[in-house]
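As a starting point, one isolated chain is supplied in structure tokens, in the form predicted alone.
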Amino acid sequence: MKSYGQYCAIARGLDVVGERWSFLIVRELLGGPRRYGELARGLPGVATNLLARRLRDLVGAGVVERRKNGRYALTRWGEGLREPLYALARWSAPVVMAKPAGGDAFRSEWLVHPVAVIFGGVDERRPALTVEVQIGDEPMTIESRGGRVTSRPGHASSPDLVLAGPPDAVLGALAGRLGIRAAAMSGVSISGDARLLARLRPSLPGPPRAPTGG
């Protein structure tokens, strides 16, 4: 692994996880241990030899461990990357919302991370609510309980609201960036009272300001 050769916490951190695909490997492992094949499926576009090299580097650096059952998992130190990754996601949210998904790959399990960013923290004003989201390769369930919003794979047993459609439009509706009419015009099918989403009190940074001359 190449080094920036700088005695700086940022540079030293990038020495460990700054290589291409490293952060995305960490993203996949935030959901729990994965076998090599599961990681490869969750990282469309990565070459198998490159994935093997990145895993070897992350294991060597102490970020990832390979367990006796063959699964890869984050170490306790590696788990500390969750908040830096989510901070990056919050920072990049305006760019994500401004640019449609187009032909980019998307897996429904990735919804866990934007939900954690959009509805971070505990807000006692949030009502109990269950939302089923049908995007990607399998349904996801978003639940609000005790002021905290979480998500998990699978169908909801009795959802209050069901959203289905392209991932960028569904995320826009969840984040409050798209109103009911705009979401429907963008291909989102809504079953139930979509106004309930606003009561989950999403929070994201505003769009970046356009550069000004002078």
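Quick caveat, the model's predicted, so the values are computed rather than measured. Each residue number is its position in the shown sequence, starting from 1.
Below, we turn to the form predicted together with a further copy of the same chain, even though it does not appear here.
At the 4.5 Å threshold, heavy atoms of residue 167 reach a further copy of the same chain in the predicted complex. Taking non-hydrogen atoms only, residue 17 approaches a further copy of the same chain to within 4.5 angstroms in the predicted complex. Although the partner is absent from this view, residue 84 contacts a further copy of the same chain in the predicted complex, with a non-hydrogen atom inside 4.5 angstroms.
In the predicted complex, a further copy of the same chain stays beyond 4.5 Å of every heavy atom belonging to residue 131.
You can rule out all but one of 147 to 155, 65 to 73, 183 to 191, 23 to 31: in the predicted complex, only 23 to 31 has residues with a heavy atom within 4.5 Å of a further copy of the same chain. Contacts of stretch 123 to 150 with a further copy of the same chain in the predicted complex, defined by any heavy atom lying within 4.5 Å, are made by none of its residues.
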